[in-house]
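Heads up, the chain below is alone and in the form predicted alone; it's given as structure tokens.
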């Protein structure tokens, strides 16, 4: 099974400038959903692919990782969050092709978001985009201290997501488009949880201590700023 998962991972991260093939992604999802299979080997293969000098290979590896985070068994993101470091691509630059410079910028931004998504899981022991919502959901049932600890983590992840900052004219190939659609999906779920947390926080405002009131106002101000940026992000998705 190890060789077949390696084959699927390599198939998803070829140097052909198209999004990872659905067949390979489906094979990888099936693999990590089988609880007797180790996700460490798969994570290692994909991590190695991000060491390529080709923007195509690196970007496809990141899209594959994100796809597995969103659609795969929670064990995958749980494993990624346990690693000391995930992606160190802040200096990545592919100058070998014309499109490489622009795509390298998005690779650096995208890898930062995936790092923050993984770190948020480690800090909260859950993927906030998949937690239960509603009156008895995670964000609505937190106490003040929990909210003041959790909302900044969500804000940092959201900032990293919105920092991808692509306009419609820059979604020029299937790879960046696939990345954008995964970010779009995360943004809706992340905002739903974020909004519920803010509503819960505001409901507790008049029972807070003075220092907690100040923290809450700061969090609310940042929430308004992120809401404005999200509106711009969603406009790109409409095009």
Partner chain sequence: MASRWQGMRSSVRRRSLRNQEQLEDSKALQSVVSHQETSTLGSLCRQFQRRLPLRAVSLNLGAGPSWKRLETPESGQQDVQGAARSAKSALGAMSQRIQESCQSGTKWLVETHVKARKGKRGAQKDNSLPAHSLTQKSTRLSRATPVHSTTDSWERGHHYRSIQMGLRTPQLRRSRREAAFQSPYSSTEPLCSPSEPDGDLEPVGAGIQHLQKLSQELDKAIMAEDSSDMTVFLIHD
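Since this is a predicted model, take the numbers as computed values, not measurements. Numbering follows the first chain given and starts at 1.
Form predicted together with its partner chain: not shown, discussed below.
In the predicted bound form, residue 195 approaches its partner chain with a heavy atom inside 4.5 Å. Heavy atoms of residue 140 reach within 4.5 Å of its partner chain in the predicted bound form, making it an interface residue. Interface residue remark: residue 6 is not counted as part of the site for its partner chain in the predicted bound form, having no heavy atom within 4.5 Å. Put simply, residue 227 is close to its partner chain in the predicted bound form: some heavy atom of it is within 4.5 Å. Shown alone, this chain has one stretch from 182-190, 167-175, 33-41, 48-56 that lies within 4.5 Å of its partner chain in the predicted bound form by heavy atoms: 182-190.
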